Structures are given as C-alpha cells and as structure tokens.
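The chain that follows stands alone, in the form predicted on its own, written as structure tokens.
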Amino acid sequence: MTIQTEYDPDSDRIMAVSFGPQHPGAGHFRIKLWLDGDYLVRSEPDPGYIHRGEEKMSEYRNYIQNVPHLERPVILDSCGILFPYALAVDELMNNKIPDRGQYLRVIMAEMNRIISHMYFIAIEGLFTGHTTMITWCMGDRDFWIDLAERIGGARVTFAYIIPGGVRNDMPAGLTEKALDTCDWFEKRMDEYEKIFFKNPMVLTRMRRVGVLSKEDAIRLGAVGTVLRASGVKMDVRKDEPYSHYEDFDFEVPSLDGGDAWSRAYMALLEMRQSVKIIRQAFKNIPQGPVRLKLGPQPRVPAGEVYARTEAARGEMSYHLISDGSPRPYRLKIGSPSFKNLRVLPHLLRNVHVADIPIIYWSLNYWPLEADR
C-alpha cells in the first residue's frame, strides 16, 4: 500500500536513520532513510563500502590474469560478469571461437543465471517470512552448482569463460545427468509457483508494493528483471545475439505489474527459459575444440571496443581500450546493479517501513557489483 505523506525536512516529526551497511538484508550497503513514524518519506542510497578497484587492477595484469579477479564482484553469477569481457577481448583480437566453445559458454551462462535467480528468490522468501522458500531454493540450487562444478571444476567462481573460448571441455557422460536435472527442475518450479508465488500471504506482502511503471523504468534506465517486470521486453540475447544464442528457441518473458511480486516472479519465468536453452544446448552441442591457443600473455592489437551481454541481473557491459601492450590500457565495467540503483530512491518513498526489505531485494541488487 502506498501512503502519500507530505515531507517537510524541518519538521520535528522526521527522523533520519541508516539501513545498513551491516544490516543482514542490505549486505555491504547503506540506505539513508527519513521516517515519519512508520512511513518512509524519502531515501538516499549510499553505496561505497567495498572498493575492490577491479577496473584499476585490470590495468596491471595481462588479459588472461584478469579472468579470475574480474569475476569476484559477482560470485554467484561469475560467468555472467566474465562473458562480455571475453567477447570484448575476442573482438579486439578478431578471434573466431570454436562452435563447441560457444555452446559451452551458453550452457555455463544459463546455469549461472539459474544459480543466481535461485538465490534471489530464496532471499525474497526470507524477507516475506516464507522460510520454506529459502530452504527449498538453497537446497535445490546445489544441484545446479554440482553440474557447473562438473564442467568448471569449482563450486563458487569458475573462471571458465576466457578469451578464445572456455577453459576446458565438459566431461564425458554429463549430458544424461544434465537432461535429468532439467526434467526434475521444471517440475520443481511448478511447486515453487504453487507454494510461494500463489501463496496468499506472499501476494498480500508483494503485490502492488514498490510499483515501477513502464515509463519510469525506461526513464530511469532500468535493466534485466526490473525492466521486464514493468512491461519492457528487452534482452541482449535476443536484441544483439552473441555466442550462437540465435540458434536457440526461447522467449523473453515480461509482465505488466511492475511491483515487487512481478520482479520476483520474472526470475521464475526466466529460469524456465534457461532450462529450455540448456536442454537444447546439451542435445545439439557440436564436436570439436573448445578454445583457441592464445598463450599465457596474448598480444591484443590496439583499439577500442564495447561488448555487452544479458547477465542474471540484466545488461552487463565492458568498455575496453587496448594500446597494443600485454595489459589493458583502460577497462570499464557497466553492471546491472549500478544501473538499477537509480530505481531504488524512486521506489523507497511514501511506503511502510515493513515494505523496505521486500522492495529493496525485489531489485535483485548486488552491492559488490555496483561498488566494484
């Protein structure tokens, strides 16, 4: 429910408080709140408690050494943040990636999308008081992590998508296991829908809460699930296909609600499409090599390139400048969490305090991705 409250900054009724940066729901992130009793009249995001300096670090390491640290800001979608970096370097070097390597990039990117979305829905369940959803999602998420580990060799970050292709081929006999997981997970998502997304308590807590109109979503530059939940059917995988995404039959779901429930439900709809893509990729993956032999310190010709992909939270991009040396001259990451940050103060005003965590997490904001 939206409460229209007049805001007078000089009023004795207004109290300023901090939400985070140690709040269990905010992560390494602070939001300044101005409260009138139980109502939030204004908010101001205050990111800036991490400062890993990923972009500057990239200027002191070569193009291959950059792979393992560039994925650290988004550990639950490590392939999502590495994908456009590899595309950018490949374009500068004019690399023609083997078809099998392209398919493996797609498989791992879609698995990472599911792993990330499962975490998103789990925490949204926690904030609504629906503890079954967090226990189910955190447990089921491990089945996808197991599959990704069989391919990438690690469980948290994979350093798998690299310039020139992927780091290694998948093990023999994995296809049957992967297709069985797809079949099981599709049935499992039906249960998520029934127990969580159609739950009266969840509907009461999330429907018509934190509504972002289609016009405001475009005006504020929203991306990913936030944008598509407001009715804008935009997805880089369809609009500018890369790595053979044009070979796969899948849809870009969108909703008109624009509220917290729609943003969370969008994750479920997208996981259904990811399963569809993964099943096609495993059935049709071509034989052959998975990467080019670039050596440990590839020489990248001088030039400037911009590459973008559709990561789990939305459009992820790299602006890369090479001066012909073994290391990038400049590297700039465009992350979806930073783009969606502009939406937060727009939604966090004239609402109940109890709705703050639900609205905040419905943006699927990842502090490390924005303040990198």
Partner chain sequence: MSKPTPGTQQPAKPAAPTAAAPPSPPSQPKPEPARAKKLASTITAQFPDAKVDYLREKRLKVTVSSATIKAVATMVRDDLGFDHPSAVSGVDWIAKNEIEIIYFIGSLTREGLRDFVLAIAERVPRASPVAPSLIDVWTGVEYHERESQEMLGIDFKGNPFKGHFLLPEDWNDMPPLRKDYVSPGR
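Numbering follows the first chain given and starts at 1. Keep in mind that this is a model prediction, so the values were computed, not measured.
Missing here is the form predicted together with its partner chain; even so, the following discussion is about that form.
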### Message
Can you pick out, from Arg141, Lys177, Arg150, Arg72, the residue that has a heavy atom within 4.5 Å of its partner chain in the predicted bound form?
### Response
Arg150
### Query
Here the chain is shown alone; which of Leu294, Ile145, Ala122, Leu255 has a heavy atom within 4.5 Å of its partner chain in the predicted bound form?
Leu294
### Task
Among 188 to 196, 76 to 84, 226 to 234, 260 to 268, mark the stretch whose residues have heavy atoms within 4.5 Å of its partner chain in the predicted bound form.
226 to 234
### Task
Using a 4.5 Å heavy atom cut-off, state whether Asp36 contacts its partner chain in the predicted bound form.
no
### Message
Check Asn94 for me: does it contact its partner chain in the predicted bound form (non-hydrogen atoms, 4.5 angstroms)?
### Response
yes
#### Entry: Ile321, heavy atom within 4.5 angstroms of its partner chain in the predicted bound form
yes
### Query
Given that the partner is absent here, does Arg219 sit within 4.5 Å of its partner chain in the predicted bound form, heavy atoms only?
yes
### Heavy atom within 4.5 Å of its partner chain in the predicted bound form - qualifying residues of 357 to 372
Ala370, Asp371, Arg372
